[in-house]
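Here's a solo chain for you in structure tokens, the form predicted on its own.
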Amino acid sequence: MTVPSSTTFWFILPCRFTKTNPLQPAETNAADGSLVVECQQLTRRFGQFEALAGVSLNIRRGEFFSLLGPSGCGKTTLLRIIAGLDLPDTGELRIGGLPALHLPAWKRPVNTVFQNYALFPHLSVSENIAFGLRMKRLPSADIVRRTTSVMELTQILPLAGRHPHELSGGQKQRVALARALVNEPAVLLLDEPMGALDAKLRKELQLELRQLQRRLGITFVHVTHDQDEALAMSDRVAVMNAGRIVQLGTPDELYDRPKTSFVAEFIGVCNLFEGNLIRRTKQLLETETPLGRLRIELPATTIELSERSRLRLGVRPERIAMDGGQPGDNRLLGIVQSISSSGPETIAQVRVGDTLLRVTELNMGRRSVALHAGDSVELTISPGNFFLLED
């Protein structure tokens, strides 16, 4: 048969379908009902480059889980292995309690939403969403019912007749999400799905996506390099660097109790400095630092603490007060180097000795006397507001 050179072919990978209620998470045969994705010692190399270096993690059923890290840290490689778009050199993967590495992508109970959305340009919104269902030869009434239901859920029903070139970035994102959800996956994989959107729209869609996930109860695995996005949306976050998970925890745990300098600086803004342990009591550490003597609440740590131990400490800018304080707080005298307002916040650079501290205050109640560069100021820090780093 002769095929004209202008012919375009579309290759479609069908997705697993289970007979469940529309837009409810698909049932799996997990040995442990609390886990839906289990990764054990996954390693992936590209030549001499090790993209994943023995990554192990468990993702719970129904949670919003984020893989967070800088470019090249391995988060997308890990997502592609879960999706079946790549294979590890070594390691094991279980989805729904069953070995998954031998399964092709189309047999895994997962769907993926990509950053570029990958919509069919010649199909309308409703046709894009229904395409996978039609490939499975479902009855027309079921296709219409499920497509309509998911368009209502993602608030795009009025766009049903439009084509992708007639949609905004946010609308395309919703269509791609609806096309994945209509297949009722056990796990929805999101590869930086909001990376191409402007900041305001991204904030709006973060809230919508989180609310949608809570309503459906589907496990979402989300890849992003945006720290604020991961903290705002996730139940748990795995922070990755150089092919490894350097810390895994809730957003509050990562922000308030980072274990390493990398996590402390990658998650938000922080002030880092070193000190020597002088004395330890049941509740406090007394330390000698470039800021002077500080009392620090004894943290839960695996670090062996002994007299004259060298410590690496941190404190978030908003945990330092420029006005008032409580009895028992650490008090430091400093000189304001610069001060500015971002609208809701006042941001100051304050020099204490030879150390420059970043200090942030909310502008809810403005101080009676405004601070200016060159002013003296007393800073107060509660002993419980410091964190102790393990590196």
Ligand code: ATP
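Just count from 1 along the sequence shown to find any residue number. Since the structure is predicted, the reported quantities are computational estimates derived from the model, not experimental observations.
This next part talks about the form predicted in complex with the ligand, which is not shown.
Annotation: in the predicted bound form, residues P193, E229 and Y255 none come within 4.5 Å of the ligand through any heavy atom.
Note on contacts: among T289, S149, Q171, T76, the single residue with a heavy atom within 4.5 Å of the ligand in the predicted bound form is T76.
Site annotation in the predicted bound form: the residue of I59, V350, A51, V55 reaching within 4.5 Å of the ligand with a heavy atom is A51. The closest non-hydrogen atom of G161 lies beyond 4.5 Å of the ligand in the predicted bound form. By the criterion of a heavy atom within 4.5 Å, T281 is excluded from the residues contacting the ligand in the predicted bound form. Using a 4.5 angstroms threshold between heavy atoms, G328 stays clear of the ligand in the predicted bound form. Of the heavy atoms in P299, none are within 4.5 Å of the ligand in the predicted bound form. Contact annotation: the ligand lies within 4.5 Å of heavy atoms from the stretch 63-71 in the predicted bound form, the single such stretch among 340-348, 319-327, 354-362, 63-71.
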